[in-house]
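Just the one chain here, the form predicted on its own, laid out as structure tokens.
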Amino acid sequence: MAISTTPALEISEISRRFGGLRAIKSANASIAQGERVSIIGTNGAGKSTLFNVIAGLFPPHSGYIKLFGEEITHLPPSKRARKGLARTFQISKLFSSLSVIENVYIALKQTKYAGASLMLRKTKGNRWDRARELVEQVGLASKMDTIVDELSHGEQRQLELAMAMALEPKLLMLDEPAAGLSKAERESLTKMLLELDPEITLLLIEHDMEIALRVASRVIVMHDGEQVFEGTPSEIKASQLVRDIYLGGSIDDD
């Protein structure tokens, strides 16, 4: 099968202000289909704001966004999702009174939830099978029928990833998926991301440098609303600029 040369995601001259604060001064990037890219930077660097602009939660004040060659700059989040963009958030957005598998079932778009009752289509057995597969894929098989409120923070992060995967994304955007995870959970997350379908493009914000550098083939460094460095994981490790603005020390393999 021929590999498309059309970028999965293209952003050009994107800026975003909040009052007098320029959260993003000028962002430019082209991400190939199937590429894995990490965005790193200190708190307040503009990473999550950029994610929100790409996902359609915030409109940019300048520039444009293309998804698989189609301009989506002014499309609402729901239409971007239908075109293959799925994302997670820094703060999990789950149905806390429902079970793990019910949350994933909803994400598969085969039911309705009005906040008080869940209209389950029990006859759709293949949908339930797919929901179970996704729950198992993120390591929550033993929590299948557990109510979300009873999950640990790390388990909720795992569930959110399953719900994003339920959308069958072509571009998957993960906003700090390792936040709150234990060492074992982080290792499991890394393994899942490394085994991700190679046709899925991955854009990742992550403070855990080990995950950010292991998963990505290219890393973008943001600082004070701007992209200040871009390179391979090896180049990131060797960069004095990254040490100065991000870590304040050395980056090593340990």
Ligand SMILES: Nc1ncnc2c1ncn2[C@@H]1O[C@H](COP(=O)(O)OP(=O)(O)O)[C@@H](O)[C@H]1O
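On a predicted model such as this, the values are computed, not experimentally measured, just so you know. Note that residue numbering follows the sequence shown and begins at 1.
Beyond the structure shown, there is the form predicted together with the named molecule, which is absent from this document and is the topic of what follows.
- Contact with the named molecule in the predicted bound form, defined as any heavy atom within 4.5 Å, is confined among 64 to 72, 192 to 200, 47 to 55, 27 to 35 to 47 to 55.
- This chain is displayed alone, yet in the predicted bound form one of Ala23, Leu9, Ile14, Val242 has a heavy atom within 4.5 Å of the named molecule; that residue is Ala23.
- Although the partner is absent here, Ser217 sits far enough away that none of its heavy atoms falls within 4.5 Å of the named molecule in the predicted bound form.
- The partner is not shown here, but in the predicted bound form the stretch 12 to 43 reaches within 4.5 angstroms of the named molecule through a heavy atom at Phe18, Leu21, Ala23, Thr42, Asn43.
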